[in-house]
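Take a look at this single chain in structure tokens; it is the form predicted on its own.
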């Protein structure tokens, strides 16, 4: 059921903002307001942080045995799986994602909770022995974790942060993206049913510049995990410096997909199109710059354009839809501006570039392919975050690497070649936090996720997430007589 009112969740209760403010939430198909959400500010964030601090300092959660927390995490996963259809419905309605893809995101969210339940049960610490002394590591939860999540796949990306934070023994204040708060409204009931104690999990809704900024600035929050735009990450980093907060930030991307002439072109085209058009193109790891060896470049552009023209654009709730509606009219206008910029800069529009004729309303854009894109063009350099791909030719391996690295970003990269030696050379030379060779974006939850350059700070995923939400403390114990120089004894 689509909610008409979305409240904060603080200390086990649904509450309005202390000053009564709300903001409207629109759906991307009609751009009509469907709900009013509580607009959080500093006072609401303070209340949530206080609840989380009490739960951390006086409650049982940080002190539970790993197996006990793991059981609760698995119950959260069970609840998510039982509500999979409802989560997908809310996500589709709220974000414009095609329903078939939204169902996959709900399933991935459940798996994230199960995975981190396994991690904490299997976790062990280091011990060090030397003559006369032994040292051992204690791992402690860091405290209240402030989690700020994006709007592109909100429920699943919330699980990337909430699951390891809870697994580590932290308490949580979650600030969902203001454009897509609907699916997060299911989390309080899920957490309560699973047995998460009062105050351990809290939600404050609101505009990023108000609620998000207050969470980052709060002295009672030692950790901030943020996924979103690079410019926002820079603002967060400056604010967090006042209290020397721990930061984990997954930021923007302009990821290259390098296709060499010896690649399996059928597989490469399938992967390249899926990588930039799935999730409406609103994905941080989208391979939005296709770099193609010149000998295959003309045929590749032709095939990409023909396939893009056949992609089904339509209502997100239709199972046949492959690209739905972009999330918000502001974002839609931004993406359309980039299409205009590409045309004005001289790129060749090979496919798309306009609203499909059959869809008079809503934030729809036909999958768009630009060819003959040069590195000086803004559409080559700047993140568009929509179903828009740029194609650029190269003549040599060295030029391909140079083009791949010629942006401020370094999140993901995709490489297609049948030459094993080249695959290793190029994978090592491309500046990206994650590289896939002859593969699309297949995520192993054990691996580090994050970028280099302007694409982020720190790593999440697997043990890296646990390391972020915990502090490792070393204890040194003498096991024999100590021999200390006797200063001042004579």
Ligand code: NAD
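Numbering follows the first chain given and starts at 1. Source: prediction; values computed, not measured.
Just so you know, the form predicted together with the ligand exists too; it's not on screen, but the next bit is about it.
Is it true that 149, 235 and 411, all three, sit within 4.5 Å of the ligand in the predicted bound form, judged by heavy atoms?
Judged in the predicted bound form, 149, 235 and 411 all sit within 4.5 Å of the ligand.
Is residue 221 close enough to touch the ligand in the predicted bound form, meaning at least one heavy atom pair within 4.5 Å?
No, residue 221 is distant from the partner.
Verify the contact flag for residue 370: yes if a non-hydrogen atom of it lies within 4.5 Å of a non-hydrogen atom of the ligand in the predicted bound form, no if not.
Residue-level check for residue 370: no, no contact with the ligand.
Quick one: is residue 387 in contact with the ligand in the predicted bound form, heavy atoms, 4.5 Å cut-off?
Looking in the predicted bound form, residue contacts with the ligand do not include residue 387, since no heavy atom lies within 4.5 Å.
Wondering, does residue 213 line up within 4.5 Å of the ligand in the predicted bound form on heavy atoms?
Yes - in the predicted bound form, heavy atoms of residue 213 and the ligand come within 4.5 Å of each other.
Could you work out which of 284, 162, 379, 184 is the residue within 4.5 angstroms of the ligand in the predicted bound form, going by heavy atoms?
Contact residue from the list: 284.
Ok, 398, 318, 229, 345: which has a heavy atom sitting within 4.5 Å of the ligand in the predicted bound form?
When the ligand is considered in the predicted bound form, the option within 4.5 Å is 229.
Just one of 189 to 197, 173 to 181, 348 to 356, 305 to 313 has heavy atoms within 4.5 Å of the ligand in the predicted bound form; which?
Of the options given, it is 173 to 181.
Taking only heavy atoms into account, state which residues of 251 to 265 are within 4.5 Å of the ligand in the predicted bound form, ordered by sequence.
Heavy-atom contacts within 4.5 Å come from 251, 252, 253.
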